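Taken one at a time, structure 1 and structure 2 that follow are two forms of one protein chain, written as structure tokens.
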Structure 1
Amino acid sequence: MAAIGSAVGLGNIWRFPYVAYKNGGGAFLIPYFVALFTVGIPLLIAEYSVGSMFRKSAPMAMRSIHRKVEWVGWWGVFSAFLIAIYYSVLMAWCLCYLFHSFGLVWQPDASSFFFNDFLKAGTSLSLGGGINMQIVFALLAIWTSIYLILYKGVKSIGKVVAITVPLPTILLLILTVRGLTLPGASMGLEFYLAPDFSKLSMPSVWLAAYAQIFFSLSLAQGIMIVYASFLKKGSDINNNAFITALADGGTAFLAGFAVFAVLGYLAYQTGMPMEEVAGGGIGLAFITYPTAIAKMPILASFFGVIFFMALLTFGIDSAFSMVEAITNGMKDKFGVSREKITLIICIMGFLLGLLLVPGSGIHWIEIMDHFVSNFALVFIGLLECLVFGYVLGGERIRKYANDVSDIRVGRWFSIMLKLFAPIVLISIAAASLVELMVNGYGNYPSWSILLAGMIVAASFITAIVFARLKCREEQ
């Protein structure tokens, strides 16, 4: 349940629809499902197996596989922390919007409200722009909740996910039904599902699909490893991996219906073409969707509250899973107490998140999301495939997982892990790097891309340093 909670998050409702839109609409489902079956599920099985085999957090499990690869585990958990920093800011926005839904205060112009009144954004990327204290308090509330849920450990996590997994799913279903019964919904769905096959020849579209799978399944960040380390010995692995993956993919697919049906309604109401209405990006959840909600014939505020409540409850278990990965790594290696390290990480997350609160923050969130998920995660995923496939042994993992599972996976599993995944991940990462160098990223200046690259590089270097530090037993 906690693994599903981690997997299903803002990535499914906020990220998937806009990434799908940017990368060919319905045609994106092809690379998405190819990525799910060729890398997502095999790596999920491998991560569950490694967690359950070594019963340790990612860095120390990696160390047990081979001392020289401990840094891969650290790099994963540091990337999770980088994601947690901006993920919690997005959640803080959702919390503010939950309250704004009561008065539908973003009317009449949701875009101007979002950028000018809410974010106080300027056009510049430099720190500055105004600071909205509401967001600061909301961010504090999010980090406080994460701390309160985590400091006691697995038992309270279990209680929280028993609510935060089913509740938002029900809310999403309500939104989907509401969306589908609005006039114009079919136009939105056609736009969501109608494929633009020409996009399939672009490497960046495939990279986006693999990155979305890594992000959405919370892979390559040590999360699934640490969660599996809490399982009882002999717990089923393959079944759990399929359930997690299908619940995650299914929720993303469903969220697409909820989002695009409502966008279709907006196009119908305003007479604007779908392309303009769905003008993707981060703003989809904070501009377009609220605009459409405000136009609903009845109970508009109610649906606004449901939408942001769904985002918050979907997001919270993903957010704390990222923190779990890093705190357990520190606890295992240095023997620090759970309470203490959780507090330190939560305070750091809050303070670093403050850097993203000023008006320019939205641009940095977009840049960081792009670079950490598209490059760092894909790269760490690749390293994991190599370590699991060759150092630990793909067949050994397969045997271990099959021994405890109802569903048995065939040899395809090792082939994916050892050959297919590495080849695909290397080729798309290289092709996309070339694409990035030739075309840049969006309209962002090259210094901002360089800075994002440096942040990723810094997490890599810190990982190497941490791997070299002495463990508790060696001190």
Structure 2
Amino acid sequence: MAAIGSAVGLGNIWRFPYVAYKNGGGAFLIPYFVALFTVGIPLLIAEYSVGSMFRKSAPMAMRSIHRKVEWVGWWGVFSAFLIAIYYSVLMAWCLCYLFHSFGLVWQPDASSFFFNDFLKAGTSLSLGGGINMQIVFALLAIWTSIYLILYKGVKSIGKVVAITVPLPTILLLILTVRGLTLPGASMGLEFYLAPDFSKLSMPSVWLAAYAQIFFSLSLAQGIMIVYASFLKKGSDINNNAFITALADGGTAFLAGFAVFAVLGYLAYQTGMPMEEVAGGGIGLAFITYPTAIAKMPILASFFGVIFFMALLTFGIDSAFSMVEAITNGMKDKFGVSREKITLIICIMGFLLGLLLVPGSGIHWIEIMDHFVSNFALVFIGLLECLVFGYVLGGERIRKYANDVSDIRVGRWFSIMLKLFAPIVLISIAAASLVELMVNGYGNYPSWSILLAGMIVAASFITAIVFARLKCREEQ
């Protein structure tokens, strides 16, 4: 359940539906499930197996495979921490909007409220600008919650996910049922699901499917390795991987119904075409969907609370899993106490998150998310495939997983891990690099793109440094 909670996050709600409708609607499910079974599940099985086999965090599990690849594990957990920094800010926004929902305070213009009143955003990328103190306090509440969940270890995590995994799914079902009863919902669902099979001949659609699977399953961040290290010996690896992957995909698909049914209603109410209403990312969660909620005929505030509570509970499991990955790495490497290192990491996360609270923070969140997701995690995933497939051995992993699993995977697993997955990840990185070189990113200035690249490079260098430090057994 913790793994499902980590995999199912904010991206399932505001990324998958948008990616699906842009890439063939219902037809997108074909490349999506092909990607799930050819890359997502094999790499998930590999990460679960490595965690269960060595019973260590990602950096020390990599060290157990070979001393010279420990840095790959560190790069993964440092990248996860970078994500946690801006992810927690997004969750702070959700917490604020949860309370704003009671009075629908974003009316009458949700866009103006979000950018001007809430974020106090400007066009400048400087770290100055207005600060909304309610976001600061919300961010403090988020990091305090992460600390309280993690400091006692896996038992407290188990108690939390028993609530935070099923609850947002129930809330999403409530939103879906309400959305389906609104006028115009069928128009939104047709826009979401109408299959365009001609797009299946486009390489970009298949790359989008693989990218969605890779980013959605929390791969290459050290999370699944450390979670699997807590499994009892003999726990079923393959079943766990299939259940996690299918639960993640199913939640993303369900989210599409909740999102597009309400967007169809918004288009019906405003007379705007679906092409203008439909969108993904931050704007969907904080502008478009709240606008639609405010137009609901009854219980609008109630459904606003339901929506942002769902986002908050979906997000918290992903957030603390990213922190868990780095705190366990530090504990395993240096022998520090869990309570102390968790507190230090959470304080650092809060302080660094404050840099993103001013109005310019939204721009830096978008830039960092693009670079970490499309470059750092892709290269880490590629390195993992090579280490698992060639250094540890794909067949060794397959045998280990099969010995403890009801579902046995065939030799296709090794082929996917050693050949197919690396080719796909190289293709994603190459496509992202070409897109960046040709079109830049989001009309942002070149200096901001260079700075983001330097931050990613710094995480790589830090990983190398940490791998060279002596672990507790050597001191």
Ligand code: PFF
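Given the structure is predicted, the values throughout are model-derived calculations rather than measurements. In this text, rigid core is short for the largest set of C-alphas that superpose within 1.5 Å between two forms. When a residue number appears, read it as a position in the sequence of structure 1, where counting begins at 1.
- Where the criterion is the form predicted on its own, structure 2 meets it and its counterpart does not.
- When two forms of a protein are overlaid on their rigid core, residues whose CA moves 2 Å or more are considered shifted, and H100 is not one of them between the two structures.
- Core-superposed comparison between the two structures: the Cα of F420 travels less than 2 Å.
- Once the cores line up, the CA of N23 ends up 2 angstroms or more apart between the two structures.
- When the core is overlaid, the C-alpha of A194 ends up 3.5 Å from its other position between the two structures.
- CA movement of P203 between the two structures equals 6.1 Å, with the two forms superposed on the rigid core.
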